[in-house]
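Next up is one chain by itself, shown in structure tokens, the form predicted on its own.
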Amino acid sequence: MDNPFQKQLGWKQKKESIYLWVFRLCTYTIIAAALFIFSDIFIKGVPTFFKSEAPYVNTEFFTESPQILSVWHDQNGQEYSMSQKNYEQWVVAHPEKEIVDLHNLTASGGGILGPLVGTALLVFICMVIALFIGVSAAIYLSEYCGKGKLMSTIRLSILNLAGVPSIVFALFGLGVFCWLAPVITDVPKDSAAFFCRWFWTNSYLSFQGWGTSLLAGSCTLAIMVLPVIITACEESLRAVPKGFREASFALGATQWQTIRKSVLPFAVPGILTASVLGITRVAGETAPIMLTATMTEKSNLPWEQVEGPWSFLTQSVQALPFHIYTLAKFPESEHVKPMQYGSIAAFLILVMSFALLSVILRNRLRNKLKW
């Protein structure tokens, strides 16, 4: 006998249940796809971090910069594979061996120290510049500006910039920072767009650009991520209750004192969330840094062989996204595969570390601030 008190599902309830399962299936599909991609990368890449003999950690992978990988056979058909530096030592140590079918694979040997350091520096300098300018712009738009047509146009322009392809920002950075940015120098270049005497000194202010450098790449990435940071920071500032501002004004505080003491501290968790969004975008960009900051092979780290305390900013660097792009041009083989997947796994760990640090700082600040 049927239970008379059992709830009968009508068509509306059934339709709601169908919608629920559709949304659930879409969510689980995305999660499963992400887990499959990440697990596949880590399964193939993490073994590159280790080796079979003591100390069981592939220290060369993390302490050497990329090198040419030499692959060849001897007269007996035995195959050899080693970095260019080790190959030159092997040739000297085995003059009796005949080298047959030699292949040199660019950036497939050595390690990833140079790209790892370059990526970390690019992301750090970019976020310092972008957060300073982005938070300042968000404060102005949120606390000082009204709601007129001009401000609405500015906000709409910022939102539109967030959808501009990265190659456009790359060309902008190439033209502005690499070719036209001002430099104080004793001898202007012939290619300078304009130069003039720097006050009463013997130096010149020359608009000749910074060239392909760490500073040019960082500024290009900062310009690219500014729309995301400005929008997220402005929303965080607007989320702070107006009562905080009114109470501060009632106590006689100025507007800047109100912003600094009563608004910004409570908006910091949202600002850190914006930094997470910025890091996850700029860390993986290839086109901007390819045109403004990086080179394929560079034996020295940015701070080695510098002429002044800040001259490393004007040097080109290596970066993991461009390093991975260089490796992707080779057909997948047993010789290139360890460097390919090892570099991708290290890159994901680096990005996750930056994001995790921001999340931890955000949560700790959020726990200290109680509304």
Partner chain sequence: MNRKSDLADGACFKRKRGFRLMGLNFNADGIVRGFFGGNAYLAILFLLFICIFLFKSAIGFIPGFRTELSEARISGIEAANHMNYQLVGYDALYTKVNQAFINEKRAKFGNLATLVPIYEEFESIIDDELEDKVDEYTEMDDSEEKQAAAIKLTTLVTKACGEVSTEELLKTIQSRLPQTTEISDNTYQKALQYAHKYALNDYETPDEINEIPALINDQMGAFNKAMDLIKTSDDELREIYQEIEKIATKTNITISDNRKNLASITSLKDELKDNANDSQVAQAIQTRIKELEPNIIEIDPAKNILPIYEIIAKHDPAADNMVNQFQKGINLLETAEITTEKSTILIHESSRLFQELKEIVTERKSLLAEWKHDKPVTMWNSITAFFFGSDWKTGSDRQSLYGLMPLFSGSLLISLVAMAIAVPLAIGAAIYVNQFANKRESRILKPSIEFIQTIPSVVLGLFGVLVVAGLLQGMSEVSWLSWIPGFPIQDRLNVLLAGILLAFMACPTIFTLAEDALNNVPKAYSEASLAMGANKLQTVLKIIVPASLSGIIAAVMLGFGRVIGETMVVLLVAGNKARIPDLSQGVGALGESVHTMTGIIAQEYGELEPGVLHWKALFMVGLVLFLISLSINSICQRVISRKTS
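For the two forms, the rigid core is made up of the largest set of C-alpha atoms that agree within 1.5 Å on superposition. Residue numbers count along the first chain shown, from 1. Bear in mind the structure is a predicted one, so any value in this text is a computation, not a measurement.
There is another form of the same protein, the form predicted in complex with the partner chain; it is not shown, and what comes next is about it.
Partner contact region in the predicted complex: 133-141, out of 233-241, 133-141, 89-97, 119-127, criterion any non-hydrogen atom within 4.5 Å of the partner chain.
Interface residue remark: Phe38 is counted as part of the site for the partner chain in the predicted complex, having a heavy atom within 4.5 Å. For the chain shown alone, Phe61 is not a contact residue for the partner chain in the predicted complex, no non-hydrogen atom being within 4.5 angstroms. Although the partner is absent here, Met290 sits close enough that one of its heavy atoms falls within 4.5 Å of the partner chain in the predicted complex.
Contact annotation for Ile360: none of its heavy atoms lies within 4.5 Å of the partner chain in the predicted complex. Shown without its partner, this chain lists Leu102, Ala247, Cys196, Ile167 as candidates; in the predicted complex, only Ile167 has a non-hydrogen atom within 4.5 angstroms of the partner chain.
Residues Lys12, Lys15, Glu16, Tyr19, Leu20, Phe23, Arg24, Cys26, Thr27, Tyr28, Thr29, Ile30, Ile31, Ala33, Ala34, Phe36 are the ones in 11-36 with at least one heavy atom within 4.5 Å of the partner chain in the predicted complex, listed in sequence order. The two forms, fitted on the rigid core, differ between the shown form and the other one by less than 2 Å at the CA of Phe62. Superposed on the core, the two forms barely differ at Gly163: its CA moves less than 2 Å between the shown form and the other one. Put the two forms on the same core and the Cα of Met151 is off by less than 2 Å between the shown form and the other one.
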